[in-house]
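Before any questions on binding or motion, here is one chain by itself as structure tokens, the form predicted alone.
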């Protein structure tokens, strides 16, 4: 799929957790996005588009989960159903579901759990077992547990304050649950991913986040160092195999 620009119609836009919103968009002829890709959203009055992970994609429909962290996402949260939204789609490389043979481990932290929803669906549709470990600060912030369980995944939740599930971080939940898997996928804040890096084997991939200028690879604003040299998260990622990350 190549990059495309299209006007989507907002079907719904509502809070699902503190400062986190779910937006469902519709465009009649839009193709399904590969899991792990992202879109660039044009927000009226803002010079730069905002990159947002695709949480779920079907032909003609996109679901975005986003956190309000500044003026741009606050403006996005205020948009009403029926409004049009200008999106760049077909961005990023996405997750490699074929790398998993039989059993996958998905690890997400906070809003980083968003792209794991479609990944879970796609892996399950390929007949693979899925175990997910999702980490949050507190119970009110939990996202996508029920949705993943409805897809047939085994879901373990860790909360830093112990208000739900395992008390602690995703590293604590990984050590306590000892899940069986042949491939893993990680998405979340950088401190979480760097804490997981030394305790996970090489058979997996990480979805990185970085501030983006253009989101299309032209400005080189989201360049990171890899074992293969500098790479652009928006163009060469956001998903990288573990052995490409020099952490």
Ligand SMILES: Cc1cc2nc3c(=O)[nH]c(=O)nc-3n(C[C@H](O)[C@H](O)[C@H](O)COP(=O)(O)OP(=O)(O)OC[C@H]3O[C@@H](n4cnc5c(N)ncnc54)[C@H](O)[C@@H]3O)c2cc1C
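From a predicted model like this one, the values you see are computed outputs, not experimental measurements. Positions refer to the first chain, counted from 1.
The following text describes the form predicted in complex with the ligand, which does not appear among the structures shown.
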State yes or no: in the predicted bound form, is some non-hydrogen atom of residue 188 no more than 4.5 angstroms from a non-hydrogen atom of the ligand? no
How about residue 111 - does it come within 4.5 Å of the ligand in the predicted bound form, if we only consider non-hydrogen atoms? yes
Given that the partner is absent here, does residue 34 sit within 4.5 Å of the ligand in the predicted bound form, heavy atoms only? no
Distance check, residue 72 to the ligand in the predicted bound form, heavy atom within 4.5 Å: yes
Can you pick the stretch from 44-52, 177-185, 191-199, 23-31 whose heavy atoms fall within 4.5 Å of the ligand in the predicted bound form? 44-52
Determine the residues of 11-41 with a heavy atom within 4.5 Å of the ligand in the predicted bound form and present them in sequence order; the list may be empty. 38
